[in-house]
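Quick setup: one chain, the form predicted on its own, written in structure tokens, and binding and motion questions come after.
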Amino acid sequence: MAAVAADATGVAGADARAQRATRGLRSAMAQVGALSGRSVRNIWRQPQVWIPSIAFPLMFAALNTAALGRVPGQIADQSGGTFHPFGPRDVYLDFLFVATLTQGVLFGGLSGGSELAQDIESGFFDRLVTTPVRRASILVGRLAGSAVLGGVQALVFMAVFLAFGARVQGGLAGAVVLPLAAMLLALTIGGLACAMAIRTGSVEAVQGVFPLIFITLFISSAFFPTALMTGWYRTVATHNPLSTMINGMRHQVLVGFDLAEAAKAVLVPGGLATLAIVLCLVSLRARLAQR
């Protein structure tokens, strides 16, 4: 009888633990949902945050296409043959497609960090951490806004470029890769910006990252093929992680769907996003330890 009672007690304890775990998971999901909704609404209510990250890359694309749209697509190589730096269709607009998408997402991704820095400056962050809300939910909710903005930007850029004659040779599968990679890239930039916001608590410090992102983008294969670069510039651009991601995305647009290239387009920003989120959590733990 004692053994039966012990078994019954163990089963009851296991059931109670399972119920607590379920309630904890539901609570965490509810917290993430509420904070994510707040982040998305805050971005939507501030057009000055998301309009420039869409309008300026499109304006830049229009200028670049007008200036370089008539550059010969077939260029002679050292072996006496020719290669197509802008893809089989020899259309610079197709080549610029991914560059514009990446540019917009990089700039828009900073909004998550800026919003978090504003929360810290206003005191909302300090009030939030005194509540029973899970600490990770604060970051996940904030980063969700950056990811949603990145996905929306990708869809807007795709619609505009397709309307002006660009083509995604990879079809539907290739088209799916683009917003997915954009959202992961937005998580990366948003994570780095949030880590800086937590460390400094300053909107100005977060916005000061913009020149570094700008330089990183232009020392990559975004706006010109690395095969046509020379010297240290080509070396840096070749080893720039952005170039690996961009080349994988661009393959879906210029050539067709390729699983290996799609994996590069997704795994590179995915890995960087993971590192950025870990950095965020470390920064958050350090800040809370100082309280």
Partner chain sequence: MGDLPIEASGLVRRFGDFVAVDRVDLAVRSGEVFGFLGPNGAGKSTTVRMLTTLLTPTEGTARVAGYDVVREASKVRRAIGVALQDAAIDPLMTGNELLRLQAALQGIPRSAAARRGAELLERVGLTAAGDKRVGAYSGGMRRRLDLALALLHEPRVLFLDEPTTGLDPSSRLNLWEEVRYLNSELGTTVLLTTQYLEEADQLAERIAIIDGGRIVREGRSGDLKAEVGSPTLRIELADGDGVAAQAEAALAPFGEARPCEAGFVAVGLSGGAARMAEVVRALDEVGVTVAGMELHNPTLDDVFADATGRRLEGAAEDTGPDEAGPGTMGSDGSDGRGSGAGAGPGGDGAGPGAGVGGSAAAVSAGRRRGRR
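Numbering follows the first chain given and starts at 1. Computed from a predicted structure; not experimentally measured.
One more form of this protein, predicted together with the partner chain, exists but is not displayed; see below.
Colleague: Would His239 sit within 4.5 Å of the partner chain in the predicted complex, counting heavy atoms only?
Modeller: His239 lies outside the contact set for the partner chain.
Colleague: Against the partner chain in the predicted complex, would Leu180 count as a contact residue? Criterion: heavy atoms within 4.5 Å.
Modeller: It does not: once the partner chain is placed as it appears in the predicted complex, Leu180 has no heavy atom within 4.5 Å of it.
Colleague: Looking in the predicted complex, any heavy atom of Arg167 within 4.5 Å of the partner chain?
Modeller: It does not: once the partner chain is placed as it appears in the predicted complex, Arg167 has no heavy atom within 4.5 Å of it.
Colleague: Might Ala262 be said to contact the partner chain in the predicted complex, defining contact as any heavy atom within 4.5 Å?
Modeller: The answer is no: Ala262 has no heavy atom within 4.5 Å of the partner chain.
Colleague: For the three residues Ile51, Gln207 and Thr216, which mark the spot I'm curious about, does each lie within 4.5 Å of the partner chain in the predicted complex through at least one heavy atom?
Modeller: Not one of the three qualifies.
Colleague: Which of these residues, Ala136, Leu162, Ala173, Leu128, gets a heavy atom within 4.5 Å of the partner chain in the predicted complex?
Modeller: Partner contact (heavy atom, 4.5 Å) among the options: Leu128.
Colleague: Tell me the stretch among 242-250, 227-235, 58-66, 36-44 that has any heavy atom within 4.5 angstroms of the partner chain in the predicted complex.
Modeller: That would be stretch 36-44.
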